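There is one chain below, alone, in structure tokens, taken in the form predicted on its own.
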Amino acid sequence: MTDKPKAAKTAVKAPVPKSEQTRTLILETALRLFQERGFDKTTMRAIATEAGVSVGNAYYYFSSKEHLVQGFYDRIGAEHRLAARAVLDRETDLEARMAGVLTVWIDVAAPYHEFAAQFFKNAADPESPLSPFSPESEHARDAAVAVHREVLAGSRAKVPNELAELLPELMWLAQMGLVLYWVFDRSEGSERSRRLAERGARLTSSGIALSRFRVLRPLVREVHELFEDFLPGMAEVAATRASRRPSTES
């Protein structure tokens, strides 16, 4: 008599907490209304009404419309990291990794293209919490820079230790340039933005390869300092980062 095969155990997913369900509902409702009515014309009251929650409950999860957009930044960032996984697991060539990650971002962001320009009107203001350089955007910004850090670390490229911290941030700044172009790109399927991603990846990877030469390293640092000094919001980011570093004084 043979033993009967044991039934395979089915993994049971933990139920999503009701608070997280409510938060997701409010965020998804807000994104839909932003798309339908525009960011400026959508109120927190309208979002609460459409989501079927009280205004107070909406403010409990998101203190303002701007905070809702931060939730959008976090969501699109999480979707990007997940979608980029296949590229990062497959490619070791730096140019291919960069081009793949940037192109994947365009794919992930595609459903939000129609109302991205509305966000940009606010995000372009250096005083706005929607700015990618604002303190409110720190979590999304750090997560995005971490993706580029992995792009660099998992490649075959030889990167000088003294530039290892600077280059991922410069790569993220290059992505911000692509995002700005994409916002206003009306080519079919954002085809021009995709070409820009590929050519930008080629140029950046060539620049990183040249950074192996010691004589060019000061130039990389100078470019980074230029952004920190003159790009709106970067000076504040740099100051905050410096304040968090442990003191080397005895």
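Just so we're clear, the structure is a prediction, and the values are computed from it rather than from any experiment. One-based numbering along the sequence shown.
Note that the form predicted together with a further copy of the same chain isn't included here; everything after this is about it.
Per the 4.5 Å heavy atom criterion, a further copy of the same chain in the model of the complex is contacted by stretch 192 to 200, the sole one of 192 to 200, 47 to 55, 60 to 68, 23 to 31.
Interface membership of residue 89, defined by any non-hydrogen atom within 4.5 Å of a further copy of the same chain in the model of the complex, is ruled out.
The closest heavy atom approach of residue 121 to a further copy of the same chain in the model of the complex falls within 4.5 Å. a further copy of the same chain is not drawn, but in the model of the complex it has a heavy atom within 4.5 Å of residue 126. At least one heavy atom of residue 225 is located within 4.5 Å of a further copy of the same chain in the model of the complex. Shown without its partner, the chain has 181, 184, 186, 192 in segment 179 to 194 as residues with a non-hydrogen atom within 4.5 angstroms of a further copy of the same chain in the model of the complex.
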